[in-house]
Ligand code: NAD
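Just the one chain here, the form predicted on its own, laid out as structure tokens.
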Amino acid sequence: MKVGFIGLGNMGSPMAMNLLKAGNELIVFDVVEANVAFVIDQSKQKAISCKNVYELANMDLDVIVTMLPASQHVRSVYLGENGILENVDSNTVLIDSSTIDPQTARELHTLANAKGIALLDAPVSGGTAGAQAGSLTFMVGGDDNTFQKMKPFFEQMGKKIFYCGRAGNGQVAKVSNNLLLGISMIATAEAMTLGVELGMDPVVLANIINASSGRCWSSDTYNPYPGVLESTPASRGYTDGFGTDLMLKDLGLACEAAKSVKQPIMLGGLAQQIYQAFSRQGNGHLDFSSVINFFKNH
């Protein structure tokens, strides 16, 4: 397929490379020129770059994938006279894998459908390691027929592909999942810190938790205590992971979505405040599991 990819950050770059490895023709754009240069270099000049969104949208593509930081960036890329929706061919399938609020996703679906353009919201879980390994989980909202058609395409970047239902439901699944992830990471950090302060070896404590009722992904796969798991950001200074500020953004999306339906999320609100305080201490760039230092420093 002829694929356009917009947004070549820590997640988008390896996702785009996996699409190229699968045999697709790849056309890319990012506002950060260094990101584009990196993908072109990694592809050994097989990927093609565009100067802007307008140029990419006019290239008669089969698919355009966007992987952008936040709702405002998605709006700027999709909307306006130079945006995707005004310039793309109706035969092109649009896939937004950004994590944004469900309301914006549904608004974009409505605008795309009015132009006869197929759009799927398809945020991901699995982090940078999953993006590199091609083992991401996709949560997809939108037209079922379009989803079935594009499922093999998603499988070039991920291992678990879930159809979530109507437009925006992919984002609903993502914010719900990350709400739980943010809370569970804080709980794991708090428990690990308490155990170590009371005299436990962190590796022994983690092994016990992971064989007991406290086990969760934050403890057995992404443990926040340094030295417990060699492959996690905690064992490399909390670098090259899912940033604290990104988790703070996702918790904000969850809290705003909850407000729109008057659904109380008390632990979610507390988790948001903890990450916000931790970010204000200058830790926004560190992996979100570094929130354990919020407890270790108190």
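So that there is no doubt, residue numbering starts at 1 and follows the sequence shown. These numbers come from a predicted model, not from an experiment.
Just so it is clear, the following notes concern the form predicted in complex with this ligand, a form of the same protein that is not shown.
Asks: Here the chain is shown alone; which of 248, 68, 26, 64 has a heavy atom within 4.5 Å of this ligand in the predicted complex?
Replies: It is 68 that has a heavy atom within 4.5 Å of the partner.
Asks: Quick one: of 83, 195, 127, 214, which gets a non-hydrogen atom within 4.5 angstroms of this ligand in the predicted complex?
Replies: Exactly one listed residue reaches within 4.5 Å, namely 127.
Asks: Using heavy atoms and a 4.5 Å limit, would one call residue 160 a contact residue for this ligand in the predicted complex?
Replies: Result no; residue 160 lies far from this ligand in the predicted complex.
Asks: Does any part of residue 17 reach within 4.5 Å of this ligand in the predicted complex? Heavy atoms only, please.
Replies: Looking in the predicted complex, residue contacts with this ligand do not include residue 17, since no heavy atom lies within 4.5 Å.
Asks: Can you tell me whether residue 10 touches this ligand? I mean in the predicted complex, with a 4.5 angstroms heavy atom cut-off.
Replies: Because a heavy atom of residue 10 falls inside 4.5 Å of this ligand in the predicted complex, the answer is yes.
Asks: Heavy atoms within 4.5 Å of this ligand in the predicted complex: does residue 106 have any?
Replies: Close contact is absent here: in the predicted complex, residue 106 is far from this ligand, nothing within 4.5 Å, heavy atoms only.
Asks: Select, from the options 202 to 210, 70 to 78, 84 to 92, 180 to 188, the stretch whose residues sit within 4.5 angstroms of this ligand in the predicted complex by heavy atom distance.
Replies: Result of the contact check: 70 to 78.
Asks: Counting only heavy atoms, which residues in 173 to 195 are within 4.5 Å of this ligand in the predicted complex?
Replies: Heavy-atom contacts to this ligand in the predicted complex: only 174.
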